[in-house]
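Below, in structure tokens: the form predicted on its own, a single chain.
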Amino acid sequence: METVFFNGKFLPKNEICISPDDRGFLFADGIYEVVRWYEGFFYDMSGHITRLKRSLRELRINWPDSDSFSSIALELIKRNNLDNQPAMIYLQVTRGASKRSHSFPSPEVTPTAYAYAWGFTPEKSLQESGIKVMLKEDIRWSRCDIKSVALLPNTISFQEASENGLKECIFVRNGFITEGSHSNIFFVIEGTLFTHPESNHVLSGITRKNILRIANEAGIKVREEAVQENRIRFVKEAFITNTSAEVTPVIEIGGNTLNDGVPGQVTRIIQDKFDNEIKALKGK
């Protein structure tokens, strides 16, 4: 029986009942966070909690248990017997249930908090061989920095990529590449690593943040600068990052083959550095 977290309690999933008046259901008025379990620890849990709190602040949702996310996540791992395998934790917090109105409930209502865990098998073959991705005009709203549950533009775009045999949809806004539907993207141009700077047009990825640190520590030149779509022909390497895919090479973007379809040297260095960091943390 799968155990989940719901409004302060750990319960069987089939006992959960969410009100049809919940603003997450009516307005996508909520935020979420996803963290990865590495068979003994959560990677950069403090970074996830910091981002969770920021998303809550930006939507003005007052959930008092944000500091408990780590203990909630660990309890879900234990109760679902996921201690010894790769797993993910999903947490969603909405403004709560209230009569439908565009204005926020006054007085405030209690937020709805739901979290669950699942085991998964990492796609190591894609991290080795690389993936092909598409380019598409960024149709999302202008607050992509908030990890909001309002992901319809992302899911539509990812579905389009999937139906065309591609593994991700990369967005372009005003001629500049921003990020993917569920990942950040990096480029290598003339030996320098580029990625879109933090702004309201991209989500500040936890893996993104750590890859920037790892690249700097490795002596790789880094520029947080948006890359123009018309510069793709100068790109030697690219890779995406996210919590589940870690560092995955991109060997084709928008029909343009990179590095003869082979993951590049800088990408491999960063993959190795990231893998070594995970191994070191497992050994603690």
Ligand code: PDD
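Fair warning: this is a prediction, and the values are worked out from it, not measured in the lab. Start at 1 and count along the sequence shown; that's the residue number.
In what follows, reference is made to the form predicted in complex with the ligand, a form of this protein that is not presented.
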Thinking of the ligand in the predicted complex, which stretch from 214-222, 230-238, 54-62, 26-34 has heavy atoms inside 4.5 Å of it?
-> 26-34
For residue 207, is any heavy atom within 4.5 Å of the ligand in the predicted complex, or not?
-> yes
Should residue 242 be counted as a contact of the ligand in the predicted complex, where contact means heavy atoms within 4.5 Å?
-> yes
So in the predicted complex, does residue 183 come within 4.5 Å of the ligand, heavy atom to heavy atom?
-> yes
Is residue 203 close enough to touch the ligand in the predicted complex, meaning at least one heavy atom pair within 4.5 Å?
-> yes
Since exactly one of 136, 132, 79, 140 fits, which has a heavy atom within 4.5 Å of the ligand in the predicted complex?
-> 140
Students should find that, of 167, 95, 147, 196, the residue having a non-hydrogen atom no more than 4.5 angstroms from the ligand in the predicted complex is 147
